[in-house]
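Presented below, as structure tokens, is a lone chain in the form predicted on its own.
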Amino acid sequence: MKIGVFDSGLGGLTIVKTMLENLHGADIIYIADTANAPYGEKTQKQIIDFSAKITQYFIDKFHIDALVIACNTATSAAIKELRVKYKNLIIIGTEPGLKPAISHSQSKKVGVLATPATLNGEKYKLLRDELSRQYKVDIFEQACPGLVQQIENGELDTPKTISMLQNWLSSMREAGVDAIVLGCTHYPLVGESIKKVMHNDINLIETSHAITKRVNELCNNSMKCDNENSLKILSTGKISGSMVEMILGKKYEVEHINI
């Protein structure tokens, strides 16, 4: 089973790591579109264009059977168009885990950290409004411009990153938020820093296991359980090899491509 996975940078590797640990017989090809990062500050039209070009590259070069959009922003902006254009391709997106966050919250106060594009997405807004009414929960949203770049640069707990998080999280901490949705696949990489800033036991909700489960459900008949997984990493621009190694736990060569 050939599975294409893409994100604007390193963040989607948090999903790839979970896939490698839990799937069997998958050939995974990962594209980090660092030349166009960060997606969260681009227009919807730009994100759709990036996503369509990457999907076509996967199909032409690797003949993929399934596509995982390992990016909340790209999912929000482009998944509808990609499913219309590529009707025969299994396409799995990434969405903020609002519902599991609500189920974990005792205070009924839930935080959402995401990119501006994700928070402004129509699908997210509809889900947020529906769940907040249904479960009578207060949702505190915070866009985090610049955090993806900090993570891409390996600055996971530097004074600058901690200062940014303190600025964004102080109101959530004071309000008694006890569950935070990590609405960007990069953000689990600063999970420990978020916990430090929140000063308490906070539930951090990310969706890598849910996505891997969905991949397994949709692709299981095509994957051979006795085969090992494989991973090929490609990048359209600069990428930190040491960060790739830190996320995945081993060293991988990264091939530069033009799309």
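All residue numbers are counted from 1 along the displayed sequence. Note that the structure is a prediction, hence the values are computed from the model and not measured.
In what follows, reference is made to the form predicted in complex with a small molecule, a form of this protein that is not presented.
Residues in which of 228-236, 65-73, 194-202, 49-57 have heavy atoms within 4.5 Å of the small molecule in the predicted complex? Heavy-atom contact with the partner occurs in 65-73.
Going by a heavy atom distance of 4.5 Å, is Val177 a contact of the small molecule in the predicted complex? Val177 lies outside the contact set for the small molecule.
Heavy atom to heavy atom, is Ala78 within 4.5 Å of the small molecule in the predicted complex? Heavy-atom contact with the small molecule at 4.5 Å: absent for Ala78.
Report yes if any heavy atom of Ala101 sits within 4.5 Å of a heavy atom of the small molecule in the predicted complex; otherwise report no. Because no heavy atom of Ala101 falls inside 4.5 Å of the small molecule in the predicted complex, the answer is no.
Looking in the predicted complex, any heavy atom of Val148 within 4.5 Å of the small molecule? Yes - in the predicted complex, heavy atoms of Val148 and the small molecule come within 4.5 Å of each other.
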